[in-house]
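Encoded as structure tokens, the following chain is the form predicted alone, with no partner shown.
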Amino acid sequence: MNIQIFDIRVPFEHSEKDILAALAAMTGMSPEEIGPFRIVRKSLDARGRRPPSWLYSVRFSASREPAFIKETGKEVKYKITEDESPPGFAAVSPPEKRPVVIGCGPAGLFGAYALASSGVPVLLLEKGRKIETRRRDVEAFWKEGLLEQDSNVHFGEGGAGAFSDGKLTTRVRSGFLDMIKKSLVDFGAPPEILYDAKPHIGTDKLREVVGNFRRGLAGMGCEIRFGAKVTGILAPRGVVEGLVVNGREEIPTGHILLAAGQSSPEIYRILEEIGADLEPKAFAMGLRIEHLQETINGIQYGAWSGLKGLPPADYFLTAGPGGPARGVYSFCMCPGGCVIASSSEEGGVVTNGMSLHRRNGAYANSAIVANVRPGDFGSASPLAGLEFRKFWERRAFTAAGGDYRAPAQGLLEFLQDKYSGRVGHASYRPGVKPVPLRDVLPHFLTEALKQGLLRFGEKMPGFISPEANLIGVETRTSSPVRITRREDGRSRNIAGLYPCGEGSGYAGGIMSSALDGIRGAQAILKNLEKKS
């Protein structure tokens, strides 16, 4: 009998023996009867005035039904579970023309992994560079403003997630999520991501994982090509027959897993040319806010903020009833991290957040964004959202001097609609320039963000602080385009095309993108089974 016990509370400083003792006290069983246990979830409880403590959920095998299960009135949360087998991939005979995966981000990597695990190795095409070279390109951009258009924070092995906090939280549910985490651990991610309530890898560890992932795929028979830019898809009569790479090489294939990410406008235009069904999609846009991490620690932990070993505090905020007409919320919060330059096109400024595994930086940052609707784009074209965000990225670039510095303003000045021409220290590289941020955002967003930030200050007293800065602009929260698809995962009107991940408008973040890539791979496998 497998039993999972929830909410086992132990002191902040504790050992595994303390967990076992608390488990024995809750179940009425002796430690010998419980035996080995597995941690399923670990979370920090730092609420209220009592000292911080940890809450565990653990799973163990019992030879008898514990007495507390038969008793009434005992406040023990539990469930009895069966032996759980992780989902797998059934073997399928590979087709004569191997499938092609476009994009080497989470959706593409896990889509390729799923196909190769079923005996269908793929050709994986990435227009950017492998992670080792890409890292040097990104560092050169941050230090000197030298942008490589095909090798930057958005393009290259690992996708945009390789230069992020590496968060693995998601609101979607699937049996494959544990498999995804286990695979990441196998490729070098820290094992605690298997049970942490708020798991993250950190950009430093994630880059190692990505390189190991590539070598793992190669060992499974996949071919991975970098500097391979897809410049055409061959789909006469609405059926995929191949694609064109770098304007000259034709590659025959009957199945394309499209996982190109949301920052490749040329892919959307290629799809428009072949008649793929596209539609505009709402997204969110705004600014990055940056505080001293000790400020956020003080707000969230109170008297316990100086306790040794406490992780840097985070937050998630939304503007609820009484707030702005448009939804405003914090997004991609990076404790102990930095704000980074994330441009992918010349003449545009894009911000994002990043942190290392230890999250030991002096600053905390988060995107503060508001909803942007297709009606705001100014055109009915399915690609109008791309032009909308490009306009404001270019506006930010010009306002900050045209050298990839980012426009910035103190939080209090922004809220009071004042401008002093001065701004405090910011972690952003290659640097910031004081700019009234109302000049780099549409008016409706400026007003929504002001109202939302005031609401956040009510929820988190101290959040509106003199040392906090706002840095713009944050535009790549999700794709403003959706590549429509059928229930079976195939493009609505192009046979053989399977759009997935963030760029297709169906995911956001590492885990949901990886899961969507697996679903796309499963759709291809089902199609292959029908033909065999």
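So that there is no doubt, residue numbering starts at 1 and follows the sequence shown. Predicted model, so just to flag it, every value in this text is computed and none were measured.
Below, we refer to the form predicted together with a small molecule, which is not included among the displayed structures.
- Among heavy atoms of residue 204, none comes within 4.5 Å of the small molecule in the predicted complex.
- Interface membership of residue 127, defined by any non-hydrogen atom within 4.5 Å of the small molecule in the predicted complex, is confirmed.
- In the predicted complex, residue 257 stays away from the small molecule, with no heavy atom inside 4.5 Å.
- Heavy atoms of residue 160 reach within 4.5 Å of the small molecule in the predicted complex, making it an interface residue.
- Across the options 186-194, 173-181, 221-229, 247-255, residues that bring heavy atoms within 4.5 Å of the small molecule in the predicted complex belong to 221-229.
- Contact with the small molecule in the predicted complex holds for all three of 103, 166 and 510, each having a heavy atom within 4.5 Å.
- For the candidate set 123, 340, 271, 440, a heavy atom within 4.5 Å of the small molecule in the predicted complex is found for exactly one residue, namely 340.
- Checking 99, 407, 353, 286 against the small molecule in the predicted complex, a heavy atom within 4.5 Å turns up for just one residue: 353.
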